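Let us start with two forms of the same protein chain, each given on its own as structure tokens and named structure 1 and structure 2.
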Structure 1
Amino acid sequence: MNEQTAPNRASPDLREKFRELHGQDSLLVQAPGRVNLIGEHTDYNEGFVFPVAIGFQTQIAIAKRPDRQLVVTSENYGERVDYDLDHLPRSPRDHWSDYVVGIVELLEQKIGSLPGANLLLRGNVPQGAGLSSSASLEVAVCKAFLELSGKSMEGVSIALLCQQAENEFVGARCGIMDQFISVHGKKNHALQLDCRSLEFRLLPIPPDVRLVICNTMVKHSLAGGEYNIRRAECEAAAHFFAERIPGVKSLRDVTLKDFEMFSGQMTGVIRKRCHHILTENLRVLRAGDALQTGDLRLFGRLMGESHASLRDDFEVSSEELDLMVQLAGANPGVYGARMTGGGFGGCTVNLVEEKRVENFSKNVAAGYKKATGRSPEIYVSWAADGAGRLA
């Protein structure tokens, strides 16, 4: 088992390492990664999601330069890249710096000329685990330049700008959830987000509850293609209802009553996909009410129902994810467990009593290795604050 626990504070030597590199003092900012507690594949259907910021983050040390150069060093990749702010690339080059360039270019369009700058990047958001290391980097870069420039943007605008950079420059078709929670996260709270209106509410998670994320270390090759198929199937379902019910623009506008009335006319596959989205949106809303009243048992049951729906109706789970959920449920102190993210491998998310985390992690890791021969990675965190300046 490879267990990683989110650190409790900023890395103390980042500013010192920046001074060694550039001979300058710097300001520090951070932006966290995230995990989604419930509400999967609802975002692109203009539905509801329930992410939480985690204690793994991207940190940036930044200082002005006297010229228009952008000098970016990544500790994680052991690389430095240099750009001229007056001649930034117009297309990505499939490199980690694409995220930086995309943000800087859009920021200059939105708020005007930016100063040249030296940046030192450090991140501990596990990459490739579906915990949104890319959104963490985007939001951190945006916040760093806003702080450096003495300019401000409201949180929703920052999230939208970062999403736009990933969509249009990097070329990844992500929704708004990842950037939104990285900006708006709050310690010991989860965030219930309406992906259509961008209205949200922060709801309390008890401080003695930990988020334990179990990485199956498997990502099946069909994941990307199947994701696009699921989107197309949801669009087909929305079109089906739009032809029969005035005002339907997405599955967000369809009720269970509508579904019961017309679902007999749908093909079996489209019916199942639609049923997941409609019931998942209702589960997210019920989950919000459960957290509001401190009913973690109900929240956990809704997580279990979500996993079953993703497995049976949306068909995006896998043997490994199902096994992880099964192993989690055999442990005391577990409120809920489910797959999280797009599916076909990746991670599960578990709400676990803090005092039970160590035994939970050992038991799940041992059970998973015995059944599959693979050692999982397990990440332990709490609900963390969103992006901001570090002292």
Structure 2
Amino acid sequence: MNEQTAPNRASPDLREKFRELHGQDSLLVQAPGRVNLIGEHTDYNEGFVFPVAIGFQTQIAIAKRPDRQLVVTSENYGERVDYDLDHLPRSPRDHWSDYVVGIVELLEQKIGSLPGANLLLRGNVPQGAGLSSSASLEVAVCKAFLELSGKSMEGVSIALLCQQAENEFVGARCGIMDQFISVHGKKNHALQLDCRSLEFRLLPIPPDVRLVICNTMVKHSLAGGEYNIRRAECEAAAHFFAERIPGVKSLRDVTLKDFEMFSGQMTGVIRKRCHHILTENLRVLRAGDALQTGDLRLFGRLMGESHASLRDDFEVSSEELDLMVQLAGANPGVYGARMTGGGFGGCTVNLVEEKRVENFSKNVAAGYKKATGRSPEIYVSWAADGAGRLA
């Protein structure tokens, strides 16, 4: 079991390491990864989501250079890349530094010329695990340059810029959820977001429960075509209703009553995708009320229904995720369990009574190892603050 807390200071040697590399003092920022409690694949349908920022984060040490070079070192990859700010690549190279380039280009368009800079990146968000390592890197880079150039930008604009970089430069058509929570997360709180208006509310998580994240160790990839296929299927469903009901712009505008009236005319796959989105939006709204009134049993039940809907209607779960959820449910003190993030691998999120966490983790890890031969990683998480300067 890996008990991870949310550090609000850089790991002690980041600044020293930067000094060794560049002989300069640096400014430090962090941006967290996230886990989504409920509301999956709803963000790009202008629906509702309910994520939490977690203690895993990307940290960056940054300082100005006198020239127009960007010198970026990734500790995780043990690699350094140099770019000329006046000749940044126009297309991605399928390399970790794509995220840096994508953000820098957009930021220059939005706030004007950026200074040359040295950057040292360090991250502990597990990659390909559905915990938003990419969004955390994007937001950290954006914050780092804003701090460095003494400019400010509204949180919503930062999230939108980072999403745009991922959509247009990196080429993954993600929604707004991951970047939004990485910017706006709050310690001990979950964030219920309306992805149409971008209005949100922060709801406290009761102190006697823990978010336990179980990593199937099967990597997922957003670039993998399935995510984009789901998006296209949802667009097809929205288009179907737009042709029949005035005023429908996205699946957000379609009610279950509309669905019942017309679903007989839809093809099987589109009907199922649509059913997931409509019911998932309702579940997120109910989950918000459940958390507000402290009704964790209801919250957990909605998580279970969400998983079933993702498995059966949206078809983005996997054998390993289903197994992990099933193993979780067999334990006392578990309110709810479901896959989290884009799917096809990655992690489950579990709401577990604090005093049962240790047993839960032991049992689930043993059961998963026995059935699959893989040792899962299990992270016990607290809701963390969003991106910011590090002490």
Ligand code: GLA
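Take the two forms, find the largest set of C-alpha atoms that superpose within 1.5 Å, and that set is the rigid core. All residue numbers here refer to structure 1's sequence, counted from 1. Only a predicted model underlies this, so the values are computations on that prediction, with no experimental measurement involved.
Between the two chain copies, the one drawn from the form predicted in complex with the ligand is structure 2.
The Cα position of F262 differs by 2 Å or more between structure 1 and structure 2 after fitting on the rigid core. Put the two forms on the same core and the Cα of E105 is off by less than 2 Å between structure 1 and structure 2. The Cα position of F314 differs by 2 Å or more between structure 1 and structure 2 after fitting on the rigid core. Taking the core as reference, the C-alpha deviation of E353 between structure 1 and structure 2 is 2.6 Å.
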